[in-house]
Structure formats: C-alpha cells, structure tokens
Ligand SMILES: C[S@@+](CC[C@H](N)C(=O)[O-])C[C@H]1O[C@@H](n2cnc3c(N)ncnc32)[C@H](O)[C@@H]1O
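Heads up, the chain below is alone and in the form predicted on its own; it's given as structure tokens.
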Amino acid sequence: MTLTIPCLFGLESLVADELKRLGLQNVRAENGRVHCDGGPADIPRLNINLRCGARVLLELASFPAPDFEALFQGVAAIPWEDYIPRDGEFPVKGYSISSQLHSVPACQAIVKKAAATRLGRIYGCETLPETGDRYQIQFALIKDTATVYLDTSGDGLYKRGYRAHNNGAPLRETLAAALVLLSRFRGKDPFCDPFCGSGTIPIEAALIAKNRAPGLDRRFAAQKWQSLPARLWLDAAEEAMDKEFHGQYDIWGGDIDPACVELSRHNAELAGVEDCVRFEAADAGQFRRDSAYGQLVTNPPYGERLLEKREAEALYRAFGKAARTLPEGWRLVVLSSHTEFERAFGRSAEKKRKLYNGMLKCDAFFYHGGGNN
C-alpha cells in the first residue's frame, strides 16, 4: 500500500528522513507531502512515531478525472466495503489545484455519492445510517488527476495530547519538533528557549532527547478500523517504548510571564517529561549561559498577534544583544515572520529557511553564538 504524509511546507525533507529511519521503502517527497510504500503494520508505527508529519493517509486509488463522470466512476470502483462497515460515517473533504473540476463542494458531493452508491449496493440499503465510527475520506485533484485517501490519524498529529491550553499564539508541535531537529539537538548538549510560551519547544526537545514517540499518549482514527488488528497498535507502541532513552538532560525554558511558566510546567507533566526539562520566569533580554556550547531554539512574538511591531523590534534588539554574549559553540535557530527581524536582531543570519506556522509564512534564522559570525 501507499502511505502519504502531508506536512507543513518546508518540512518535507525532515519527514522523509523520519520515514527512512523507520525503515519505510520508496520514500519520495513533493511539495507539502511525502509518500512511501508500507504495510498495515506501518500505519500504527507512523502515527505513533512521526514528529513532523501532519497526518497519515492511506492511498486507495489514483486516476484521471477530467470530468464528474470520470470522478464518480473512479471513486465507485474503490472497494469501500473493505474499509467502511455498514454503519460507518464517511465524511469527505479535499482540494483541487490546476484541474477542470475546480469546485471543491461539487467534487465532495460526487465523491460522497459514488462511495455511498457502492456501499449501499454492497450492504443492501438505500440510505446508509452513518451512526458508527468515522472513516474520513480525502481527495486531491491535481492537474486533472484524482487521488483518494482514507485518513488514519483523525486529529492532526500535532495534537500530542499534552497541551490542553496554550498562551494565545500557539506554535504547532510538529513545527516545534522540526525546529529542534534543524538545530541538530539530540539530547547531549544544553538546550534553551528564552521565549517558551506554553513550553512547546522545550517539551518537544525533551521528547527528542528521550527518543520518546510523540503519539504514545493519544488515540487515532484507524484504531477503530475493523480491517486493522488491534495487535498491530500494541506492537507499534511496544516497539516505540523499547527505543526510549533514560538519561540526564539540560533542557531549559524561560518566559517573562510567570503564568506561561506555570502552564509550561503543567504541559511538561502531561507529556511525561517534567523530570528532564525545567522552566523559570526570566527576561530574554538578560539571557546568559556559561556553557561553551549548546542549542538555543525559540519562537519570539512576531508583532502580528501578541505585540505591536515596534515592541517586537525592541524585544529583538534586547534579545540580539544578549545572544551575542553566548560563546561561539552555541547554535541558534529563531523562527519569526517579522520582515525586519535581522535588522532588529542586529545580525544577518548565516542561513535562512522558509517555513509555515499554520498559514503564516515565517523564516527560520540560523546563527552561531558570538557577535562576529
């Protein structure tokens, strides 16, 4: 079977690396998604282990769909009865890019009708009850080719389960994990986030340091599928837990707001990493570290939602001045959508990488410690 992992733009290579490390075959990336070949056991393994992917989709069919009749027949040819029981709920969502069938609501209606027609014929009923478990159908129409999927994840994989509340401007957990991975942090060096907010970046760093699978404490849509044995989910969880590390880690998060610090501590407890990450009330403009090396990964307020732009720029100036006191052995990754970040920070980035925080276009700015490089 073909499995497809959608992801935020800019994270494709990280997701591809994750798939390869999990032993998946024929990994291939394109804009906003990564494909691989796998078997039924890989559906639980991917859902439980992926840090940067958005969800895990099972590809059911791909076919030319230049008109509604072709779309209907292609969807009706899929053996839906192999996946969806008689009472299964099967909503439809999707998108269309550069295709003659450009009306998404119309395409949704056709896909729904085609699937319902086949299921109704197989189960011998004119109206399907749809009172049971959900089987989310997704479709992608790209250049007149339709690809149809079942969503195995349910809630997006960024919903780890440890962040019931946030501080009003949340960073998705998948993007936080990506920033940590881009910093090359693996648990051995000191790690800091001086704008920790609700603690997402330090918590993701702790999960990476411990090699703890981020999906162990949540449930997924495909766990209710009759076609996917429960044993596969137990095996995947056991495999993930066997790979966990147990060591001492220096992971720190600071925020000037004591309420954020308390929230971060609460979230760390929910994530099961309170023993290896600490949070303190601290001013990022006074940030100092004595260690000769380490990673600093942070997502300061942008100015669009939490602060006015001038206040954000003043904050960047103070933080930039403090960052220049870090030894050259430190690596810094700062995520911001502010167009004048480098000017306000006081240094041009050594490298930049375009990323998206939801729909918000951002840049990850890469630096080393010290003020001259």
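Nothing here was measured: the structure is a model prediction, and the numbers come from that model. Start at 1 and count along the sequence shown; that's the residue number.
Beyond the structure shown, there is the form predicted in complex with the ligand, which is absent from this document and is the topic of what follows.
Although the ligand is omitted here, in the model of the complex none of 43, 79 and 152 has a heavy atom within 4.5 Å of it. Residues of just one listed stretch (196-204, 216-224, 82-90, 130-138) have heavy atoms within 4.5 Å of the ligand in the model of the complex: 196-204.
The partner is absent here, but in the model of the complex a heavy atom of 282, alone among 276, 232, 270, 282, sits within 4.5 Å of the ligand. The partner is absent here, but in the model of the complex a heavy atom of 170, alone among 161, 190, 94, 170, sits within 4.5 Å of the ligand.
Residue 71 falls outside the set of residues with a heavy atom inside 4.5 Å of the ligand in the model of the complex. Taking the partner from the other structure, the ligand in the model of the complex has no heavy atom within 4.5 Å of any heavy atom of residue 296. Residue 256 belongs to the set of residues with a heavy atom inside 4.5 Å of the ligand in the model of the complex. The ligand is not drawn, but in the model of the complex it has a heavy atom within 4.5 Å of residue 315.
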